[in-house]
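Take a look at this single chain in C-alpha cells; it is the form predicted alone.
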Amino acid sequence: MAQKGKILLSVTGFDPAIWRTALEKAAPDRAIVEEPSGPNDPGIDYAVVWKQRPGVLNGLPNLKAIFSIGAGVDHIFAEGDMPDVPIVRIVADDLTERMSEYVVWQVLDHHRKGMLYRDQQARKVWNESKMQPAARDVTVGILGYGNLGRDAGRKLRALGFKVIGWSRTAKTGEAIDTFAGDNGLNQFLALADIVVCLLPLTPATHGILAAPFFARMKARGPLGAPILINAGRGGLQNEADILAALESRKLGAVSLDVFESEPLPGDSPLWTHPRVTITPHAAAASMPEALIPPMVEQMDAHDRGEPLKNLVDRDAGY
C-alpha cells in the first residue's frame, strides 16, 4: 500500500488518543503525527484539529486543508494568523442526530413543564398543571437555521410544533417560514415562544444573547415568558444579562449547554437558579468513530482531484 501524506492531529482539552486511534483505523496508508517534524515539515498534507496548539499549523509548506473535529470553527480562527488553505467543518449524520436529540429533549422538557414537576416531586406535591398547551400552539424559533437547525426543526414539526427559522442570509425553498437579517430577527423574535440558538460564533454573533436581544423577544405566549435554549457557543451569551432577564421575567426559563467559561465556575449563580437547566457542553458530543471516516474520505477524494465539501467561508467565519 503506497504511503500517502501525513495527517497532523492537534487537539487540546481532551485526550487525543481516541482520535488518533480512529485516524489510524480509517487511514492505514497515512502516518498520523501530533507534532510536525521540524518547523517546516513538508510531509504533512492535512490537519485535524480542535483548539490546536498555537502556531502548530504555520510553516507547513504542503498543507492542503484543515479539518475541524467539531461543528464550530471559531477555535481555529481564535489563533488569528492562519495558513491560507481550505478549512472544512464537519457535517456528519451522527453529530446532527445528537444535536436534534438534545434540542427535542429540551423543547419537550420546557413544553411539558419538566422544571415544575421536578420541583413538585422534591417537595412531594401532587398537583397537575391545568395550563398545558398543545404543541400546535407553541412556536419554536431556530436561531441559526443551517444543517443542524433544519434537522431539529423537521423533528419538532413531526411532534406538532410550529417551527420558524432565522439565518444571516435568506433561505429559499424551505418547508417552514424563515427570516433573515436584522429586520427579519425582529419578526422572528416576535413569533417565537421558544428560541433555540444554534448559531456559529463569529465577530457578528459574539454576545448576541444579551439584554437588547431579550428585550425584542415575544413578551407573553402559551408558555408564559419566552424560553431560551443555547446549544451553540458560550461566546454567544452574556450570562449576567441572562440572569437579569430571568429575574425580570423577560425570560421564563433557559437551557444552557455552553458557557462563557468552561467548565462553568462553581460560584456561578446559574448552577442553582431554579429556572436554569445546565448540561456540560454535551448536546452533540463528537464521536471519533463516526466523524473521522468522512474526513479521511474527503482527504482521499481531494487527492484524486475532487473538490472539498462543507468549506468554511473565511469572511463569514463559518
Ligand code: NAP
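Since this is a predicted model, take the numbers as computed values, not measurements. From 1 onward, residues are counted along the sequence shown.
The form predicted together with this ligand exists for this protein as well; it is not shown, and the discussion that follows is about that form.
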Using heavy atoms and a 4.5 Å cut-off, decide whether Asp109, Pro222 and Thr277 all contact this ligand in the predicted bound form.
no
Of Ala71, Val140, Val103, Ile227, which residue is found within 4.5 angstroms of this ligand in the predicted bound form when only non-hydrogen atoms are counted?
Ala71
Tell me, which of Met217, Ile76, Leu95, Ala210 has a heavy atom within 4.5 angstroms of this ligand in the predicted bound form?
Leu95
Contact test in the predicted bound form: Thr205 vs this ligand, heavy atoms, 4.5 Å:
yes
In the predicted bound form, is there a heavy atom of this ligand that lies within 4.5 Å of any heavy atom of His281, even though the partner is absent here?
yes
Gly146, heavy atom within 4.5 angstroms of this ligand in the predicted bound form:
yes
Is Arg157 close enough to touch this ligand in the predicted bound form, meaning at least one heavy atom pair within 4.5 Å?
no
Counting only non-hydrogen atoms, the one stretch of 195-203, 80-88, 122-130, 240-248 within 4.5 angstroms of this ligand in the predicted bound form is 195-203
Contacts from 162-184 to this ligand in the predicted bound form (any heavy atom within 4.5 Å), listed N to C, are Trp166, Ser167, Arg168, Thr169, Lys171
